[in-house]
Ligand code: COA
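Single chain ahead, written as structure tokens, the form predicted alone.
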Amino acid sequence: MYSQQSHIDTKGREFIDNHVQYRAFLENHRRIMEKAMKGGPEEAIRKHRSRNKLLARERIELLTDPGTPFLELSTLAAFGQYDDSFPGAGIVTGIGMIHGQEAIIIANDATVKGGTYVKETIRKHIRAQEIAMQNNLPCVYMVDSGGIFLPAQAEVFPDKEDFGRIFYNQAQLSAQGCPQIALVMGSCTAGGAYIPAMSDETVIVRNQGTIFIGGPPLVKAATGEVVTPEELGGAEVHTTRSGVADHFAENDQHAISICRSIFETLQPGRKQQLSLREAEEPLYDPWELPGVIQTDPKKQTDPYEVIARLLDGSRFHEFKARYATTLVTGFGHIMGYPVGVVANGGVLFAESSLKGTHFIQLCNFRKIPLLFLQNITGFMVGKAYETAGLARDGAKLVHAVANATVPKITIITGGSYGAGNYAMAGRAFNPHFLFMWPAARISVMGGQQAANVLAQVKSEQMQARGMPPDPDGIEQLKEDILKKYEEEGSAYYSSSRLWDDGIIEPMQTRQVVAMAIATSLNKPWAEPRSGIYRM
């Protein structure tokens, strides 16, 4: 492989201007993240600690192996919604190492509305289980939740992907051989009681954890019986009489110690073998990425400059370097793991689609994970391209992406628009992981294009009705559309609704991609397959 050479002048005006502008994005991002990771209000945090309970992230830190990273997922779920009263959607999820084994950890944050579930909480919980299923990972549930947020019950209870799906997934995961372990560290009420009840092993904390289908107020209303939470469903009851829990813990620390002990009994499953190299830093500093990225959406970021700051030794074996140059494809390594890179350098043409299809097939048969670096305005439009069969050739690329059996990891570095999102392994195409950079944008098309299209449609409608043109009304329509697309196209709008697995800083990309690939090795990959390619 040859080292990819950088041609950017890091002392030049364009680099410096980009760097200054992107640093502003990063500073804003860090403020938002810090606020979300704080959890609930100060009063709720004080109340939580007064009960001798650890905070959710403190519990996770104690559970995971010292000195190992924790890949937190969807930190900004529910951001900007519910008057920002559900930071992180009241739950912390991610991948951590426990006795050298990657595991999904799902921890309720009881400082956020008592750990109750809104729509985004459920989506975040289920997404973590999907990752466990896709990668054959054990799950640890740190339960401290009041169950469904009752004012929003119609949005979270009855449908296929609502609250009940959590328990369905637990049953499926257990059957698949992914251990399900619950630590009951607080309330576990109503339907939530099935999380520990359906786990392979359950730990419950004395005078703190409770499990019951109906709490004391419901019991009194239904039967007249007066009973305390501990008498109804505490640790003593469930470890000596009901058998719902298996291990009795004195406090959070003891429960976590028991969980780590359980992991010592787990047997490793079959893994995917991958030829690794010794990790090395790129020739060009990843901290230069903020200066590489074009903050002006009308300018295309050079994919080679990004690649040079992501790959080990900046070495890149490019595939079809001289053909269909708006799509860059080639092989490299990230922290010792082999990757096949698919990066946008402009709009997708028919030739770009064929090139991408060929390369994805190579990676599929060679068992090399795919890394998609998305910065795409979409497919080329126009009579000549449609007549030549762009849709047919684009469909080949979409087929290849959909049926790739190696892990797909997608990073949205800039724009992600229209069918280009799908062709570059967007969320609908089930990538193993999808992350966005802070200034990235995602929508069906750019705001300006959408405003122009809708303005033209409106003008044509008025003409068809014999109405005079209304320039002021058309301009107001454009302004409204631009404002709407500006808000709904941001990475934060996306992450709030779990269209991605989180927003990461460009400088973190190497570590995140390496962790994603390492996680994917816990399950053998399926053999290559494909559908019918329209010729």
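Computed from a predicted model, the values in this text were never measured in an experiment. From 1 onward, residues are counted along the sequence shown.
There is another form of the same protein, the form predicted in complex with this ligand; it is not shown, and what comes next is about it.
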(Q) Open or blocked: after superimposing the binding-site C-alphas and transferring this ligand from its position in the predicted bound form, do three or more ligand atoms sit within 2.4 angstroms of any backbone or C-beta atom? (A) open
Q | Interface residue in the predicted bound form among Gly291, Gly332, Gly146, Gly447, criterion: non-hydrogen atom within 4.5 angstroms of this ligand | A | Gly146
Q: Scan Ala222, Val226, Leu150, Ala388 and let me know which has any heavy atom within 4.5 Å of this ligand in the predicted bound form.
A: Leu150
(Q) Lys299, Ala440 and Lys484 - do all three of these have some heavy atom no more than 4.5 Å from this ligand in the predicted bound form? (A) no
Q. Taking heavy atoms and a 4.5 Å cut-off, does Thr116 contact this ligand in the predicted bound form?
A. yes
Q: Could you confirm whether Ser187 comes within 4.5 Å of this ligand in the predicted bound form, counting heavy atoms only?
A: yes
(Q) How about Arg57 - does it come within 4.5 Å of this ligand in the predicted bound form, if we only consider non-hydrogen atoms? (A) no
(Q) Using a 4.5 angstroms cut-off on non-hydrogen atoms, would Arg510 count as touching this ligand in the predicted bound form? (A) no
Q) Looking at 24-32, 43-51, 487-495, 65-73, which lies within 4.5 angstroms of this ligand in the predicted bound form, counting heavy atoms? A) 43-51
